[in-house]
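Included below are structure tokens for two forms of one protein chain, each presented in isolation as structure 1 and structure 2.
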Structure 1
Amino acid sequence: MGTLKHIGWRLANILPVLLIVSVLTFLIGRLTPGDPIQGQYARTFTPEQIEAIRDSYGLNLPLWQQYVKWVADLFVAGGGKSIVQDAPVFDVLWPNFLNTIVLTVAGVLICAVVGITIGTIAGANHRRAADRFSMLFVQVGSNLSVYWFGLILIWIFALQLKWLPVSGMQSRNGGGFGDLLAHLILPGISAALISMLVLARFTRIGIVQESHSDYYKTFQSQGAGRFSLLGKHVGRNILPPVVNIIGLEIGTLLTGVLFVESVFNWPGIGTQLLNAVNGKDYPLIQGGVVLIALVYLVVNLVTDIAVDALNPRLKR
């Protein structure tokens, strides 16, 4: 019952957060200088026709009425109509958003596998050479820019070694699932860099703390091997915080992916939103930001539920 109440409370909190995000996104878009209708149609339409177009988008209404109209469009009109592409916002965003989800999932998998592996090696070899080398790698990697790191990966593995494709989501002639995986490796690693190093650090800390606990020393004195202890006891005890960190880092991955897309020319929502910003396409920008915020909130909710399920002591 406590868990159900907690889930209900978290669900209730999503609405005010989305409200704040929508208001801020709307105001920032409207208060920036420039007229998207003028920029899009000034060369081909008369001033009277441009005013008629502004009326059709509700841009001549008072600011509060524009906001109410946009919120209503989110539920009944596919997020409104894109000014630049003249199509429903969610119809425009959805294919690219799915591409972003594919890249984010790849980043999460790389983050989890590599981050936990590095952290486990470091924690299991506390104060040994493997620990020092792993933490040096984490320290250096944490100071790298995702954008710069992506360019370095392209230069080494795509241009010099020619092992992987430079950019895009698939080859021109297509290539199926294997081709998609080849295109995912470099942007996935680039997107996962910071998050996997954060996860490695927390995994190491968890293992070191557990290895100094009383139960660990008791089992060790009874002849239990280090790897057996790590697998049966330490891993189970640090799993909830590790899952929690992964859930929190998905938000970082999602925002990092938006920058990675521009480096690797990945056809995702980040590239689309960048083009929308350049064209001051208000409905597309607002719809994209709200969609990303919603995914972030849902991921946090699912993570919270998973942590509660893995650790009954955290049930509320």
Structure 2
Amino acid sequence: MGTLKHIGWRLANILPVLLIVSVLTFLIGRLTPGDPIQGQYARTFTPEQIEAIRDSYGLNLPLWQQYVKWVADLFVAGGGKSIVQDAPVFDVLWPNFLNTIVLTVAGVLICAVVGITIGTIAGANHRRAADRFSMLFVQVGSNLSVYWFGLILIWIFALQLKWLPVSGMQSRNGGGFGDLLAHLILPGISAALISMLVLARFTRIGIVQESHSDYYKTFQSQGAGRFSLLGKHVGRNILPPVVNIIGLEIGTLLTGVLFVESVFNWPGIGTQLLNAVNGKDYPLIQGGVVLIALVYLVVNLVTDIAVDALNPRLKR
């Protein structure tokens, strides 16, 4: 029962956070320089014409009225009308949002599989060559810029080797799951890079620490094999922190995805928001940020629940 109450409490906490996020996004959009109508038409229209068009989009109303209208639009009008696209915000964002989720999930999988593998290899071979080599890779990788790393991957695997496509999520006349996977590999790796290396480090440290613990030495002295020890005992003990790190890294990864999308032209919400910011499309920016904030909060909540469930000491 305690768990349910805890979840309920956490859920209730999401609302005020979203409210604060919505107010901040709204204000940041309005109080920084730039105007969507001016951006599109200033070069050729008269100032009077521009004012008239601003009026027709309701951009000359007092700020609080615009805010209240937008919040109402979130519930009844699909997040309001995108100024640049003249279409409801959620209609514009939704397909792209799903694409971002696809890329994020791929990133998380790559991050978990590769990160834990590297960490395990390094940890199990503490201070040996495999450990040194893995950690060199981790050190170098952690300092790469995601943007630059993406371009290098494109250059090597798409332009030189011609193994994988450069951009988008679908080939000419393409389609199908295999085609999607081919398009997912490079952006997935780019998005996962940083988090994967963080995870590798934590896994390695976890294993190293556990292998210095008394129970490990006891089992070892009784003749238990390295692999059975790793699988049966160490693995179980380091699982909660690893899950916790993965959960936290989903947030980082999601942020990374927004950059990666631009490099690989992945049609996700990041590309969308970049365009929206360039056009100062207030409703679209606001809708997108609120959506991402929501995902972030939900992921954190789910991680907490999972970690609690995995930790017998926290069972109430």
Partner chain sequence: MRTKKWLGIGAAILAAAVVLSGCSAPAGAGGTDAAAAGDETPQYGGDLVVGLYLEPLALDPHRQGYWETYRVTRNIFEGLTREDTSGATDPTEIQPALATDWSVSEDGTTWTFDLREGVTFHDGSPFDAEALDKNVRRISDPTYEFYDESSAKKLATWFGTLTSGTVIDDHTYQFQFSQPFLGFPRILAQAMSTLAIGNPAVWEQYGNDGFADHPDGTGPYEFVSRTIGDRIELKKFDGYWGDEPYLDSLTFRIIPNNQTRLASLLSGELDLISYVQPEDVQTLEDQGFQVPEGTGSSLLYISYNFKNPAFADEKVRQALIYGLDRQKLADELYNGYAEPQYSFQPPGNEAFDPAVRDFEYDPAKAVELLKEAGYGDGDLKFTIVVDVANQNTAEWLQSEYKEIGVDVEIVSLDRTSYIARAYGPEEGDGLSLDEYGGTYAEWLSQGFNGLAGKGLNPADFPDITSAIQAAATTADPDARIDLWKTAEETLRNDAVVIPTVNLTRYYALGSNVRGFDWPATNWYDLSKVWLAN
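For clarity, a rigid core is taken as the largest C-alpha set superposing within 1.5 Å between two forms. Only a predicted model underlies this, so the values are computations on that prediction, with no experimental measurement involved. Numbers given to residues start at 1 and step along the sequence of structure 1.
Undergrad: Only one is the form predicted on its own; which?
TA: The form predicted on its own is the one given as structure 1; the other form is structure 2.
Undergrad: Quick check: Arg30 between structures 1 and 2 - does its CA shift reach 2 Å or more after fitting the rigid core?
TA: It does not, since the Arg30 C-alpha is displaced less than 2 Å between structures 1 and 2 after the core fit.
Undergrad: Is the C-alpha displacement of Tyr282 equal to or greater than 2 Å between structures 1 and 2 once the rigid core has been superposed?
TA: It does not, since the Tyr282 C-alpha is displaced less than 2 Å between structures 1 and 2 after the core fit.
Undergrad: Would you say whether Gln40 is displaced between structures 1 and 2, judging by a C-alpha shift of 2 Å or more on the superposed rigid core?
TA: Indeed, Gln40 is displaced by 2 Å or more.
Undergrad: Rigid-core fit: what Cα movement does Gly58 have between structures 1 and 2, in Å to one decimal?
TA: With the cores aligned, its C-alpha sits 3.6 Å away.
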